[in-house]
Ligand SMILES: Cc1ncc(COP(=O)(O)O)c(C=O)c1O
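One chain follows as C-alpha cells, the form predicted on its own.
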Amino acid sequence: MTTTNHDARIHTMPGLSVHEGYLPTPMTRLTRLFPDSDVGLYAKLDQLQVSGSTKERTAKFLLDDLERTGVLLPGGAVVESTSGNLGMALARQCALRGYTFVAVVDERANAAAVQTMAAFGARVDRVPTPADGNRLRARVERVAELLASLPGAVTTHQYGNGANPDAHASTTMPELVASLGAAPDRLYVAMSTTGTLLGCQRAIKKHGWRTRLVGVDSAGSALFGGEVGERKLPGLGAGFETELSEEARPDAVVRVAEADMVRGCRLLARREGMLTGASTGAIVAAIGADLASMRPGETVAMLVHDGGGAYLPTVYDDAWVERELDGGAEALSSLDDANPFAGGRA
C-alpha cells in the first residue's frame, strides 16, 4: 500500500477555535519504536487536544447533542462518570458554555486529572470502591442518585449515547485517512466505552475502507466477554459490557497486561520522545506482539489517546511499577530489547 510522504501533516479548519471543542490533530511516522520492522507505523497525536485527550471530541459531540435536543438548558448541570479524560474535557467545555459539571470518579482516578477537573470549576464526587470491586458500576449508580437529587441535572451518558461514536466517525477517522492519503491496512484503538472504536468502525464501513480494526483492551476488562479482574491503571477497559460495545465489531480484540502497558509507554518515551498514557502504551504492546504477522510495507495506524503527565506517579515511577504490577520489574528490565513484545501472541 502506498502512502503520502506527509508524515506529520497538520490539518487546519477555517474559523475553528478551542471554544468550539476539539482541534484537528497531526499524524507522525514512528520510525524508532520498532527499529527492525518494515511496516509503516503512524500515530495520530490526539494528546494535543486542549484538555489533553481524544475525549475532547467526545465531550463536544455529547454536549452539542444535549443542547440540540433541548435536554440541557442554559445554566444547567451535567453529571457524568469518568476515569479522567472525559471528565477533564467536559469540565473545560462546561465552563466555556456556562454549565455546572459534576464529575463522578472512583479511587483509581488519576490525581492530576481530578485536580484538572476542579481547576476548570467542576465539582468532584468520589465514590468508594464497593465490596465487589466494580468501580465503574458504582460510579454509574452514583450518577443516577445525583440526577434524582439535583434539579434539572442531566447526564451525557457516554456509555450508550450515539453522539460518542459520531464524534469519531465524523472527525477522528476521516482526519486520519486524509493525513495518510489512504486508509491504513490496520488501525489500533484503545477501548473503554468503545465509542472511539465504534465511530472508526462506522466510518470504515461507510467509505468502504479495507482497514483491519483492532480493539485494544485491558486484561481484567469485561468488554467482549473478558474475565473481570483487578485493574490498577484507569482509562482502559470497563467493568461491564457497555451499550456501545454491543454494536462494536472489531476484527480483533487484544487484551494487554498492565505491565505491558508500562513497557509500551516507556518505549514510546525513550525511542520516540512521546509521553503518553497507559491506553496508548497498551496499543504499542498490541502492535509489537502482532508485528510478526504483518506483511512488509503494511501501513499501521494508532491513536495516541492521551498524554502521560497524569501517569508520572504510576506508569513512569519505577518503584510504583515494581510494587504494584505483576511482572513490573521484568517489564522495566526488557526495555533495551528491539521488540520486548515479540512472541506475545500467536
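Quick caveat, the model's predicted, so the values are computed rather than measured. We number the residues from 1 along the sequence you see.
Omitted here: the form predicted in complex with this ligand. The next part is about that form.
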One residue of T156, T193, Q93, S179 in contact with this ligand, assessed in the predicted bound form (non-hydrogen atom, 4.5 angstroms): T193
Proximity to this ligand in the predicted bound form (heavy atom, within 4.5 Å), stretch among 312-320, 66-74, 50-58, 289-297: 50-58
So in the predicted bound form, does any heavy atom of N85 sit within 4.5 Å of this ligand? yes
Hey, in the predicted bound form, is G235 touching this ligand, heavy atoms inside 4.5 Å? yes
Can you name the residues of 239-268 that have a heavy atom within 4.5 Å of this ligand in the predicted bound form? none
